[in-house]
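Provided below as structure tokens are two forms of one protein chain, presented individually as structure 1 and structure 2.
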Structure 1
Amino acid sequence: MTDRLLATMSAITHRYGDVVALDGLNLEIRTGEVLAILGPNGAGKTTAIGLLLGSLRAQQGTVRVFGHEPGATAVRLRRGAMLQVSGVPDTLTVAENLELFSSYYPAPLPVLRLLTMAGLEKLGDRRYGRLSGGQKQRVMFALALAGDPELVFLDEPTTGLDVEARRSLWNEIRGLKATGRTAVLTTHNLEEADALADRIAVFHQGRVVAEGTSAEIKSRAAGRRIRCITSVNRDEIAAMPGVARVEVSGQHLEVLTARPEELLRELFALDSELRDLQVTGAALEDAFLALIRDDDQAKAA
């Protein structure tokens, strides 16, 4: 039953004053998946998490988690969350914090197990205030798991961490899936989404502009990156069908396109002198940027 819906957001519009944070958003979270909400800062990711957690109330549209209002106790008992800005008292030890959070739940994970799951085995007796940034994030991660939740929200879990700490937390997050949990992850880091998510929802200006597996997203955007030296006018290329982006890089032009064969045919027809040709698969980043650009263009039109 991997397709069973754990949570839905339908037709959500949310404003802060004149600023539209979410604009008719629709999103589904399915049982057992790791869903990454990917988007630049200000895309509405944290607002969406706030709504899913029930700490924000939907202004328009409906949010359902486990079939309930997102803030209901029945929901809280079955989910855990790691917030962007949060903490626990500096003077309590890791274990004391975990023990306290565990007490909130009817069937919590044992504290020792939480310590292991978060890679904190040796830090149980250390006060929170004396931990490094990465260790603190692990504590937050462990706290999110304290109640043995079915659903875990991870709001930008690795922001501000160095590469090593980030990679190591990724390992723990991957472990979630192995235990059959559903996770929703927000990030503006494409690599992170690529590395962790089963499914990615790309947010831009309060809407989902693309949704699918990492591969699907990549292909749904411009499929190939073509790099070459050519005399064809840049604007001319940009106007060709399927072209997502044209950039000048020294002598070279870099073109992102969803229809590389067609483009190449056109290019060779126009410029037989074309040389130094390279064709590569587009990175997720390219797809992401392309999707955002398409969205901007669509709005402008």
Structure 2
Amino acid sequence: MTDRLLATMSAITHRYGDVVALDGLNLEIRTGEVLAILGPNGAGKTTAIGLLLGSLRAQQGTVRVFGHEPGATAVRLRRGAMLQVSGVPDTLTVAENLELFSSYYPAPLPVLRLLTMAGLEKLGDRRYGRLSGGQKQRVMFALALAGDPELVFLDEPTTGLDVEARRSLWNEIRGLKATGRTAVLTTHNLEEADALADRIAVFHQGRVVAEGTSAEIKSRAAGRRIRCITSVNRDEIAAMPGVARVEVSGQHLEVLTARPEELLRELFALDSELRDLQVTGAALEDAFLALIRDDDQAKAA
């Protein structure tokens, strides 16, 4: 598998004063995959991306991208990045900004192609400073792809986009993989990670606490999700054996349980008029929360 590695982080520890941002972290990025990095705020995601981009230097451990130091020119010409901060000139049009950024690369994608990929075909002549937040987000995506990168980092790429624009951008991200490119996605949108990622790495307190496909991560949350409308009190359900979590969603209760059959028997015995019942597998959100909770409990023990 090592011949497929594009980037590696090995035994990385990074501190900000007394705060440990990364704690002996190991991570691999492989050719032709979409890797989603998930984690609560403060988990170390931003620091890890900064190290991979070369904007930070590793204090302990080794980071390699395409076999080089992350900040090397040979690396910068082969990767792109869509970050939450931007220095895009407000007075230039969208097309002018794309032409400017493309001029930095030896073999950039055509501007028309970039406009199409980002859903900006009708906005090429509009000044960047006059765009909405969602439109600016799409420009940032196009700029990240200007150099036709082999590896692209996407930080919260669909923030501020409506449903249609989000789905369109998802298709373009899938298209990156289809052409052999690699994408590293950091997102708080678990639906997005579930839809796009070939592999997921869950960060917590500076370490990778779980890694694998979405299905493999979901398997870490044992049980089923039950959704129904019932007169049974939420607190009463929460106290039943095997119940991990109970949430209210409008008229519905959503219950994560390791004993679905037993719980359903009890619910029907208490509420013969229970209705609108759905039973599904655990969602990625369930597994994510379970992993964070289990890691916290293990450290507290």
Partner chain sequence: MSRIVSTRLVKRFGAENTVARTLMYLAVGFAVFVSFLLALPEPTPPVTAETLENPPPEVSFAIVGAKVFDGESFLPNQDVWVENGRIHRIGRELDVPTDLARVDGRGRTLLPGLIDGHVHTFYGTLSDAARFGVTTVLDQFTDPRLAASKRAARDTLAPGNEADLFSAGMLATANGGHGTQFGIPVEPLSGPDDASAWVRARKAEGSDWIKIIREDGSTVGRDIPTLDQDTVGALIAAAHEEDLLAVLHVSTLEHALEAVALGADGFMHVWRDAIIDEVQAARIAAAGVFVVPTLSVTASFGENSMAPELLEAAGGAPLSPMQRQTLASTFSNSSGETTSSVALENVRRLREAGVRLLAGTDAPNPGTAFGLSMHGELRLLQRAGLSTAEALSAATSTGAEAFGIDDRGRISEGRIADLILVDGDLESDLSLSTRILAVWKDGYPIDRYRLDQERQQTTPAPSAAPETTVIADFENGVRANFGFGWQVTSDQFQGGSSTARLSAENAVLRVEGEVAAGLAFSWAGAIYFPNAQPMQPVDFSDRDTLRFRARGDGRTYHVMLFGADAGASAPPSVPFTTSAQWSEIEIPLARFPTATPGLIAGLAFVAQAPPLGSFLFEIDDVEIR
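Just so you know, these numbers come straight off a predicted model, no measurement behind them. Take the two forms, find the largest set of C-alpha atoms that superpose within 1.5 Å, and that set is the rigid core. Structure 1's sequence is the ruler for residue numbers, which start at 1.
For the form predicted in complex with its partner chain, the corresponding chain is the one labelled structure 1. Once the cores line up, the CA of V209 ends up less than 2 angstroms apart between the two structures.
Core-superposed comparison between the two structures: CA of L256 displaced by 2 Å or more. The rigid-core alignment places the CA of M140 less than 2 Å apart between the two structures. Here the two forms are laid over each other by their core, and the C-alpha of N233 is off by 16.4 Å between the two structures. Here the rigid core is superposed, and S168 then shows its C-alpha moved by 3.8 angstrom between the two structures.
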